[in-house]
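We begin with a single chain expressed as structure tokens, specifically the form predicted on its own.
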């Protein structure tokens, strides 16, 4: 057939896939050409030292309600929880239970006054740059059919927390659930009541000595003591050191890092750890492997406050990457009552940003089309007050929605498995390309 076409002067058919090769080849050539734009590491380190010096001189942001403009809303309008020792929390539980006992003996039954954590009761305060919980309470009486079970669960959780504190131990949320599976029914119910109890007692959830299972990991230029044991995070291998769920037992934090690199996913974390990126550019690398847990958020904030280092974030170029970043920065609505302790302000979005897809000529086959749900989430983010405060975020989100394309950090691997650590991140740091 090909021979007949040649004789007839007709060009033979070319497979469709071959027409894409020049485009992919051109992208790869351009990506490799960026390597030549890299200055010596010493020059990039000078830039990072300047960034670190600036961060250390700036006043540490405490996100305190004392700094809130009272003309907008009085401070008393918001719920503020704080770390408390076991004796203080136990005393508060005793007073709460004694009040319930007196109410029962007087023939009035008992009821818990529980702060409302409904979405409508959570607001973003621009001057604090975080989400807070309004002080509105609802009654949870045992005598009501609608709330009898919830009141019973609340009383049970208070009893269990009291026992844990008296013994001076820590338990996981899963442990708590399995103490009374028949009553709780589902762990989500015991978890929700645990947050209610924190609000009722005015203490952080960690003060209740109930923690989540280990999830986050850290590696790099960091040394600290975990319950008295010295941990050197440069000797933790590719997997890194699990972030302790009991942050109150972490002490003696030391580091010679110039910045903290917050990574969304475990795959990118492993690449950075295996390439010893923290030795080339002194840094602390940590990840919560997706949606951030409480321990990782607490640990990041503590590193930021104690070491006074800048925090740079590496997340996927999609709406969920930005949502994860916003949880670290502004807090989550689920735990807005403890946002002062869980948020880390002034995190710089290093990548991967929507504008990077064209800037670094990421191949089309490595870009993913946004689903209808992705687009919906992106549009909702544009309506969030904390996004509107940052013009750079707005532009990037608008670019994402206009192109309807998203990409994972791993899309950079199309240029080489180590392109992330050898070219992309060094060039980003050199150009101070963050928002």
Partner chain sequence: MDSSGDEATAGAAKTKKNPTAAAKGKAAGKGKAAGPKASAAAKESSLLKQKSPAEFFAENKNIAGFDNPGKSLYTTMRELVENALDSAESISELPDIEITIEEITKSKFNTMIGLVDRERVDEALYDDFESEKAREKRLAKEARFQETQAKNAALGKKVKEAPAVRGKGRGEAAFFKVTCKDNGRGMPHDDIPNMLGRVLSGTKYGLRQTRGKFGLGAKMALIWSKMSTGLPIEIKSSMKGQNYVSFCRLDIDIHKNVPHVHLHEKRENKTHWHGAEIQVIIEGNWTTHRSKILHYMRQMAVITPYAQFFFRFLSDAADKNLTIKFARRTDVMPPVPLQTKHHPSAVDLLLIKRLIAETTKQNLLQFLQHEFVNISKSHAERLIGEMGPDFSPKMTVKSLTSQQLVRIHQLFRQAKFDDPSGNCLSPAGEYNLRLGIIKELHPDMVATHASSPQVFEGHPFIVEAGISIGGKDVKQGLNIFRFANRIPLLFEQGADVITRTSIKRINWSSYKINQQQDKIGVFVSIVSTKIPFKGTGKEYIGDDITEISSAVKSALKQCCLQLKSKIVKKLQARERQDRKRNLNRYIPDVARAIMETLVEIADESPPKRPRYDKEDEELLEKIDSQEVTEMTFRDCLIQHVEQVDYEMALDYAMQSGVSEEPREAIYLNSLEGSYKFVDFQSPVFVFRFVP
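Positions refer to the first chain, counted from 1. Since we're looking at a predicted model, the values are computed, not measured.
What comes next is about the form predicted together with its partner chain, which is not displayed.
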Assert contact_stretch over 108-116, 223-231, 270-278, 244-252 against its partner chain in the predicted bound form, heavy atom within 4.5 Å, equals 108-116
Whether residue 140 contacts its partner chain in the predicted bound form should be assessed with a 4.5 Å heavy atom distance threshold; does it?
no
Please run the contact check for residue 334 against its partner chain in the predicted bound form: heavy atoms, 4.5 angstroms, yes or no?
no
Does any heavy atom of residue 100 come within 4.5 Å of a heavy atom of its partner chain in the predicted bound form?
yes
Quick one: does residue 235 come within 4.5 Å of its partner chain in the predicted bound form, counting heavy atoms only?
no
For a quick test of understanding: in the predicted bound form, does each of 145, 163 and 166 have a heavy atom within 4.5 Å of its partner chain?
yes
Exactly one of 86, 172, 152, 77 comes within 4.5 Å of its partner chain in the predicted bound form through a heavy atom, and that residue is 152
Can you work out which of 195, 358, 306, 180 has a heavy atom no more than 4.5 Å from its partner chain in the predicted bound form?
180
